[in-house]
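One chain comes next, on its own, written out as structure tokens in the form predicted alone.
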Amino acid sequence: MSETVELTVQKPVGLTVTPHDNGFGAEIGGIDLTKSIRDADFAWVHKAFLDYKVLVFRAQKLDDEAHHRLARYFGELEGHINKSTRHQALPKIQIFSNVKEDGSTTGEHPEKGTLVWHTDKSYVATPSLTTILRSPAIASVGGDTLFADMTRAYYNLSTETRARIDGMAAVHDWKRSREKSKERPATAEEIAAAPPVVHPMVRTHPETGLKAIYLGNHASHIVDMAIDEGEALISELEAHATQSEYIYRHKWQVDDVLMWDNRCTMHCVEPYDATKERRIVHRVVVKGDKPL
């Protein structure tokens, strides 16, 4: 199995790519995301996105409008089911913040569901393609974002395990996800908007053709399997996929822009002291396709 898709688009002059140590994730340089992106530049960034799954752009002074515009290059935007976190003027932008208007902290993490391994919006029929984050306020200790390479994790499973889980399906459920992460209960409106859905436990990437384990905290249970047995298998697969060899740890810097492919990764936020640390994240999600 080729772990990356070779770049076939000629790299525009001035753009750079610096892969991370294990070849999962890369830093892109030589591009200004606050401006309109040339077709040639976008084609190359898109190929890098497929190759490395997580892209980091440093020193990008995006405002919400530029953030919104950037995400639209990748497809149709969609809001979050949690209406309380939506940007008032640009509702497709979601804001996670523990900062009050007076600058003090609320003392609480704004979304505990981000602290556990998950893939964005797998609780809907057409989960997200990519998520693009920027963080106007970063924690000085903790608050790193961790990613797991679910493609590499899949192909490094034993032949017997791959044969066992190929063709299996899991139920993904917003209500159950909230319970598992010990967040506020899902509202009746949210449950109606996002009823449980079934996705394959191994999905095939629509652009690269590679397979990846597709689970995370939104996965409630496995179809046609006893609940306790299914939960044990989900835990076993997630423990395998989150070994250090499959992980990229993103240490935030001011004005970072971070994006990733939800079709073949999981992610979570490292805990931080929400009573002392100020942390604000602005998030835009691009709608994807039905997992196959």
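Since the structure is predicted, the reported quantities are computational estimates derived from the model, not experimental observations. Quick note: we count residues from 1 along the sequence shown, nothing fancier.
Form predicted together with a small molecule: not shown, discussed below.
Practice item. Report the stretch among 157-165, 186-194, 200-208, 115-123 that approaches the small molecule in the predicted complex to within 4.5 Å, counting heavy atoms only. Key: Single hit among the candidates: 115-123.
**Study point:** Contact of Arg283 with the small molecule in the predicted complex (heavy atom, 4.5 Å)
**Key:** Taking the distances in the predicted complex, the answer for Arg283 is yes, it comes within 4.5 Å of the small molecule.
Exercise for review: Examine Leu129 and determine whether its closest non-hydrogen atom to the small molecule in the predicted complex is within 4.5 angstroms.
Suggested key: Contact with the small molecule, no.
Practice item. Using the partner position in the predicted complex, report whether Ser220 sits within 4.5 Å of the small molecule, counting heavy atoms only. Key: Flag for Ser220 set to no.
Practice item. Give a yes or no for Val17: in the predicted complex, does one of its heavy atoms lie within 4.5 Å of a heavy atom belonging to the small molecule? Key: No.
Review point. For the spot marked by Phe57, His67 and Met259, is every residue within 4.5 Å of the small molecule in the predicted complex through some heavy atom?
Key: The answer is no; none of Phe57, His67 and Met259 reaches the small molecule.
Check your understanding: Which one of Ile138, Ala71, Ala153, Leu133 is close to the small molecule in the predicted complex, taking close to mean a heavy atom within 4.5 Å?
Key -> Residue within 4.5 Å of the partner: Leu133.
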